[in-house]
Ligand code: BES
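In structure tokens, one chain follows: the form predicted alone.
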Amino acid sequence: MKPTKISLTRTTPERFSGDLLVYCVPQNKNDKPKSVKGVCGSEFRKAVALGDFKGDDGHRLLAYGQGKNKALVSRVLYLGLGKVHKDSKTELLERCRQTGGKIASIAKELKAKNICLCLPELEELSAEKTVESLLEGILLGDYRFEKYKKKDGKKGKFTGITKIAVWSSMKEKGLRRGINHAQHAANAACVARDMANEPGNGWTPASFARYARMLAKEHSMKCTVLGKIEMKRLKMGGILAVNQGSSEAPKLVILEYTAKNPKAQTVLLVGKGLTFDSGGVSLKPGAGMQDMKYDMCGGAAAICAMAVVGAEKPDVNVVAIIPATDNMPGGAALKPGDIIKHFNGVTSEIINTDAEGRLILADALAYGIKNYSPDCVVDLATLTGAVITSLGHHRTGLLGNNQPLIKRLLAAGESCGEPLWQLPLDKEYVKQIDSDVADIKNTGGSGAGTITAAAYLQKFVGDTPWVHMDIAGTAWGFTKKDYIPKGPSGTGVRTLVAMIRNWKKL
């Protein structure tokens, strides 16, 4: 997808000559639509007087411009925001994103490529946050992946919104920053969706390496890619073990951003880059296996968050590590009962080769902590089906060893519409991964699967503040929203971005 061009315009709505002019209309404290002095105002006022437009959330009124005393635009959309005065700030941000998603859907219906968004004045939100959340919703809702579809050549086919002009009667302070923030975060999430939508033969470990090198060049970051030879020298037994049955070489992709402040803290992001998961020798059922191309969504989230970091240059060092391989049942594949040794010397008994994500993350976590001495670590992975049993597709599972860091992630997720839920990580769960023949084993039995997977990872972070996000339930099939399409959601990108943008010394 080509990025949508967004600009802040001083041209009044009456002079806009594009495809669609949009007014977002909140209700007042009497639950009536707030008065709007807009184009086709007489039609709006008449609809309100007749009760045909009440300003309810998502309620729409479509009028037509042109002609005497009307605008140059073809269509004018009045879209209800609902009872915004009854929402918390977090709820209102989400309401605006959802409204943005509705705008994208209506634009598709009307084939409106060039739109003007008239920014509503909301007492409960700053103009900066209003424009940021509305635009995020529009950009995320306008997503499509048609790379592999045959072009039908039909005239007039809608290929997405190309231009958005933002008009506001308010002062410009903060508006441009809000626009930039929306573009950076939404575009990064859409790229993560693109990566996930690619088939297993279209997105490989080498693809992660190429994208990281491109980002490094574009934003003056440092990129390092370790291959199989380096992994053998470093004794990364987890990644090498998972890769044994594959014809695709593994990669450990490292992208580093260094802040100007020499005293800046360092955040380490680790994302699972399993580009296809067959389950290995512990083969998954054939039904639904095609979705296992999504098993790299954690890696996609981590590396796409770095695109925002590179563009915005925060006052914190950020390192992203993506252990990338696929998991295939080739002749040399890892077997149940095998014992491997991780980068930090911990030995692991393999009970199930389909519990492979924790094996590659373990090496990446241990390596990253040893080499970069981060002040905190956040890892993301489509790690367990058990998290779907626990939380469905509505919240990401969150576990960790540091409550202040956990609270930051919870707040970041809530603020951007990617809610998380903390699960316990007590010593009793850790005992479930004790092995009779090795230091640990890679599964803890049928109970508490999400927690025992996190307990495995905890063995590789030591005392470093650490949080694990299990996105298996939200990376695809996420709760239906106007700005979340069917398929991969890009979840995790905006949560990481929110955390980094608001970073304070831990």
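The first residue of the shown sequence is 1; numbering continues from there. Remember, it's a predicted structure, so these values are computed and weren't measured experimentally.
Unshown form predicted together with the ligand; subsequent notes refer to it.
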Give a yes/no on whether Leu72 approaches the ligand to within 4.5 Å in the predicted bound form, heavy atoms considered. no
At 4.5 Å between heavy atoms, is Asp295 in contact with the ligand in the predicted bound form? yes
In the predicted bound form, does Ala386 come within 4.5 Å of the ligand, counting heavy atoms only? yes
Would you classify Asn352 as touching the ligand in the predicted bound form, given a 4.5 Å non-hydrogen atom cut-off? yes
The listed residue (Phe44, Trp466, Phe460, Trp476) that reaches within 4.5 Å of the ligand in the predicted bound form by any heavy atom is Trp476
If we test each of Lys83, Lys284, Lys113, His184 for a heavy atom within 4.5 Å of the ligand in the predicted bound form, the one that passes is Lys284
Run the contact test on Ile239, Thr275 and Asp326 with a 4.5 Å heavy atom cut-off to the ligand in the predicted bound form and return yes or no. no
Which of these stretches, 45-53, 433-441, 468-476, 28-36, has heavy atoms within 4.5 Å of the ligand in the predicted bound form? 468-476
